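In the form predicted alone, a lone chain appears below as structure tokens.
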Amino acid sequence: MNTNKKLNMTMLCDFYELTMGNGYFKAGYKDRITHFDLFFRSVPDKGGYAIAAGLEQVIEYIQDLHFEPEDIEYLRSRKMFDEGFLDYLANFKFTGDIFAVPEGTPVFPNEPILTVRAPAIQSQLLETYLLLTINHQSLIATKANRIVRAARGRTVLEFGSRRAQGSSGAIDGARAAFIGGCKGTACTISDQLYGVPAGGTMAHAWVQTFDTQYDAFRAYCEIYPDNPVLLVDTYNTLKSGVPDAIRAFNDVLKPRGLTKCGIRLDSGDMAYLTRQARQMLDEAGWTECKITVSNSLDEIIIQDLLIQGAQIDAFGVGERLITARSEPVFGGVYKLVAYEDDEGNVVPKIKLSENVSKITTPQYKRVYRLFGNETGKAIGDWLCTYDEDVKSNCNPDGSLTIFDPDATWKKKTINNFTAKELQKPIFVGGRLVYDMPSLEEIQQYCADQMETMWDEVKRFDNPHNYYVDLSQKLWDIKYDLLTHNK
């Protein structure tokens, strides 16, 4: 393998996408316009919401979508693909439309995060990369947001590179964690590539390398006097770690009039140790010294530590964030929901299953979020067909009657609300039309959108069920296909 050559992700696809593409070509369907929705069926960790992420990498993938000569030769060697199809791939270029919710948007089961409208071969070829990208980054952004909320305003840093599932898991995972609310990462390359602020101080090896712990601390303070953070649990946190840190601060920082510093603990009873350490630091006059903890943390442990009165200013969260250890699969799927016939009519399609949760919602759709004008909070999401909107469904007085699509007798009429369409056009006719915001803007957007969610939706245990309702027209289409497709 030539490691100096840029990796072409076009071939990162399930093989059946190529066999189906060849089949579409030979069956005369290569130009049939298809509509696919990317959505997920359940929120990780039995939570109330998820955070959409990964769109920027999808955009980069679409822009570079092409087959190299060696890709064509590999496919030819399989002796199962039509030469006309191989010629088609050799000149491949995405010409379709893509619509997606912006990164950082809270999203819910069974609503389209991303929609593709494109010729059948093109739509099919995108499936694997779109899913792996949106699934992974949405999973990590969601987990990070839960952890950040558990920290109650304290800084959360992503520390998981060495435990990630491969290099892309570490690099893109740090990006997703930042979207979810983390303030920085230990992963240097994520800063270089994406601008996720990277930082770090010392490992236990630094302390062990010196003749004494005090020598290690003093040297570090002299080299990095502006904000030294000392790892105090190499030997004994309270008997030597914190005392040696205080001594180094006194000997190096105090004569220079510097007060910005910190300690970090990576083991032990964090609640007890941080309370004792805080008392020792305060009694020594280092009241501005920050305490950071790490070591297999997640939102539940952080929540418990704070309930127990732990004195913590920042959390370094590693493996349980970067791998979303408690539920490491997002579960997004990519399903055909419609195609266009020779006259350009949109024909809705449904996937049926004995497993009710796997039945899809057909048709080319629009996605709205409904906000109460008095509260600014989201009431629910509402899906309709591509050729209708909220206004056309309102009652004469401007109110909108919505209903639970699973229990249609449950209805609610809402007044004084604002409807915002969630999906934005990303590609139109193969041309990028979306201005990608900066990573900092995405993080702030995520924080702002989370403020529109009721606390009941955001709680960790038994969150309120956020409703994703269907318009009457869309529900009628689904019901008709349910009863007539056998």
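Note that the structure is predicted; figures quoted are calculated from it, not measured. Residue numbers here begin at 1 and follow the sequence given.
From this point on, the text means the form predicted together with another copy of the chain, which you will not see here.
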Should residue 472 be classed as touching another copy of the chain in the predicted bound form when contacts are defined as heavy atoms within 4.5 Å? no
Against another copy of the chain in the predicted bound form, would residue 169 count as a contact residue? Criterion: heavy atoms within 4.5 Å. yes
According to a 4.5 angstroms non-hydrogen atom cut-off, is residue 164 in contact with another copy of the chain in the predicted bound form? yes
Although the partner isn't part of this model, could you tell me whether residue 99 comes within 4.5 Å of another copy of the chain in the predicted bound form, counting any heavy atom of the residue? no
Would you mind picking the one in 423, 449, 57, 443 that has a heavy atom within 4.5 Å of another copy of the chain in the predicted bound form? 57
Give me the residue from 117, 149, 278, 335 that has a heavy atom within 4.5 Å of another copy of the chain in the predicted bound form. 335
One stretch from 155 to 163, 281 to 289, 365 to 373, 106 to 114 that, in the predicted bound form, holds residues within 4.5 Å of another copy of the chain by heavy atom: 155 to 163
Does another copy of the chain come within 4.5 Å of a heavy atom in each of 378, 387 and 459 in the predicted bound form? no
For the stretch 186 to 210, return the residues whose heavy atoms include at least one within 4.5 Å of another copy of the chain in the predicted bound form, in the order they occur. 186, 187, 188, 189, 191, 192, 193, 194, 198, 199, 200, 201, 202, 203, 204, 205, 206, 208, 209, 210
